[in-house]
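In the block that follows, a single chain appears as structure tokens, in the form predicted on its own.
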Amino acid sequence: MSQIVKTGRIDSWGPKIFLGSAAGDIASVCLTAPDKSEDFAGQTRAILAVIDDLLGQMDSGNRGLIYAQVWLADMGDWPRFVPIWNAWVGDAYAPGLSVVEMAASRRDSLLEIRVWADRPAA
């Protein structure tokens, strides 16, 4: 039985959660931007920075991305998302990507991103 690794605990408001979890050779991270006052690009970059940090804590990283799901509050932000995303994933390690519009999110959250990644050392 593999050990489950949890990181990024949030329990100061609402439901208690961990932003990142890993079991065996798979890690997953899901979050909205920590600072909702940022514009769309700022929220996107902030989320990706936290994802980098949390995947690193679970012995993974964006080079091991398998799949990503993105929820956008406004699909009109898609053209602003693409170059930020492409710069983050680089040329050789782009994962499968699903993008949908969200309707039930917090009104100050412009997007939410979940990723699944390989943990090669696990």
Partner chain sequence: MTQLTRSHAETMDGAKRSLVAKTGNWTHFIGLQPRNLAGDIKEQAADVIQQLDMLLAESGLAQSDLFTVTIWLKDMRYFSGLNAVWNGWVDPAAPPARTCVSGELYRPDLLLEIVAVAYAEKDAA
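Positions refer to the first chain, counted from 1. On a predicted model such as this, the values are computed, not experimentally measured, just so you know.
The same protein has a further form, the form predicted in complex with the partner chain, not shown here; the description that follows concerns it.
- In the predicted complex, none of the heavy atoms of G56 sits within 4.5 Å of a heavy atom of the partner chain.
- For M75, a non-hydrogen atom is located within 4.5 Å of the partner chain in the predicted complex, even though that partner is not displayed.
- When contacts are judged by a 4.5 Å heavy atom cut-off, E112 does not count as touching the partner chain in the predicted complex.
- Using a 4.5 angstroms threshold between heavy atoms, I66 counts as touching the partner chain in the predicted complex.
- If you check the partner chain in the predicted complex, you find no heavy atom from any of F18, A46 and V50 within 4.5 Å.
- The partner is not shown here, but in the predicted complex the stretch 64-103 reaches within 4.5 angstroms of the partner chain through a heavy atom at G64, L65, I66, Y67, Q69, W71, M75, W78, V82, W85, N86, V89, G90, D91, Y93, A94, P95, G96, L97, S98, V99, V100, E101, M102.
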